[in-house]
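One chain follows as structure tokens, the form predicted on its own.
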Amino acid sequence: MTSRPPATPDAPAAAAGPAPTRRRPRYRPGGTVLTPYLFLLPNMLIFGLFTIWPAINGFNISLYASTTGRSFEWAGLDNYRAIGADDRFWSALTNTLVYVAGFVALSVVCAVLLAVALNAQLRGRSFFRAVFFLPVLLSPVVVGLMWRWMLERRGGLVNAGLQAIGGPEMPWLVDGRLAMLSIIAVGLWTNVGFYTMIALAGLQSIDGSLYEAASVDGASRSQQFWGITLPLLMPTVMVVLILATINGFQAFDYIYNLTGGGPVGGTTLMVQFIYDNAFGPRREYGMAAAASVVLFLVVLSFTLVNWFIGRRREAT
């Protein structure tokens, strides 16, 4: 009589029969390639209809002359020659470059500093985050009219405050240089909350153990900022830089309601130059379209330069 071998842990599984085999997904030719594009198709159609097609049509209009918007006559490059000989165009382009330089530099610096401050363990941190982000939600028309009232030479809230502490009465919107500083300050006040939130998201993605290790090694707060925070935050800073540059070149609505482009064209930027040519008394649609193409090329150049600089920094 033979004895039955003792049961092993694998015995029940062996008694239950072979394990069911998992059915492999059926391969569909082209399915794995086309599926992502099918999800992108609605957005690509909307982007092409409302962005690509107007850009192509704008370039086409820049090659024609029209003052009615209905009849167009072939003009070739005459519109580009006309804006090149127009002093108002060069003044608007210069004002735009000055505005973008001041607005972008202040936006990046203030956004990083505010993000560092709002990332610290402070009482009422959520309240201050909401306060700095609130101007982003305001209408540009409201922003322009509100600051126009506050910066009025006589009766304005800012000058009233200055005079209350013995300061002079400043022509914020009448003097050319002060008017440029005023629109830069208002643009910064309006948009810095948005850039701060982007920088704050970048700060919160930095591993906290790096700061703990730096503290153990005796690094001060400033050494941690320059050695850890700023290098790891540079990709986010490049995003803020590109967004602020594009936003600066497109600035128009609140400036139009704040200064109207004055004094004597001192705050007329490129977008207002385009608006005045297309919808002002001259109705030069071809010149407006040509200036739009030039502005597009300028914005594209700055964006590509910023993008290549960011790529090189990431590579190194």
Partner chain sequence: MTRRLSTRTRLLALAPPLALVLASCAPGGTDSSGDPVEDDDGGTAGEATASVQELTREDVEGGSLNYLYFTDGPDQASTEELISAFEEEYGVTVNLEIVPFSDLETTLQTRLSGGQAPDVARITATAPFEGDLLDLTPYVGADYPETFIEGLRAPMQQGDQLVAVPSDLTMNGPFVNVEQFQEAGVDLPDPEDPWTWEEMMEAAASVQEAVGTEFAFALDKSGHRLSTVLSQNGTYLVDAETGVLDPDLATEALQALTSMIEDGSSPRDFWLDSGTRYAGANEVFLAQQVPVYLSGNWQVAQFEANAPFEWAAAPNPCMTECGGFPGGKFMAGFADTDEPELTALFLWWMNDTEQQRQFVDASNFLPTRADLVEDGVEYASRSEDMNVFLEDIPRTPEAAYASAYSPEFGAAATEFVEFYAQVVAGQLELPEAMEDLSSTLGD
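Numbering follows the first chain given and starts at 1. Worth saying up front: this structure is predicted, and the values here are computed from it rather than measured.
Omitted from view is the form predicted together with the partner chain, to which the following refers.
Across the proposed site, 64, 71 and 283 without exception bring a heavy atom within 4.5 Å of the partner chain in the predicted complex. Only one of 51, 43, 60, 35 lies close to the partner chain in the predicted complex, with a heavy atom inside 4.5 Å, and it is 60. A residue is said to contact a partner when one of its heavy atoms sits within 4.5 Å of a partner heavy atom; residue 256 meets this definition for the partner chain in the predicted complex. Among residues of the shown chain, residue 177 is not one whose heavy atoms approach the partner chain to within 4.5 Å in the predicted complex. Although the partner is absent from this view, residue 129 stays clear of the partner chain in the predicted complex, with no non-hydrogen atom inside 4.5 angstroms. Under a 4.5 angstroms non-hydrogen atom cutoff, the partner chain in the predicted complex has residue 279 among its neighbouring residues. Contact with the partner chain, judged by heavy atoms within 4.5 Å in the predicted complex, is confined among 35 to 43, 259 to 267, 243 to 251, 286 to 294 to 259 to 267.
For the partner-free chain shown, 148, 153, 154, 173, 174 of 143 to 177 come within 4.5 angstroms of the partner chain in the predicted complex, judged by any non-hydrogen atom.
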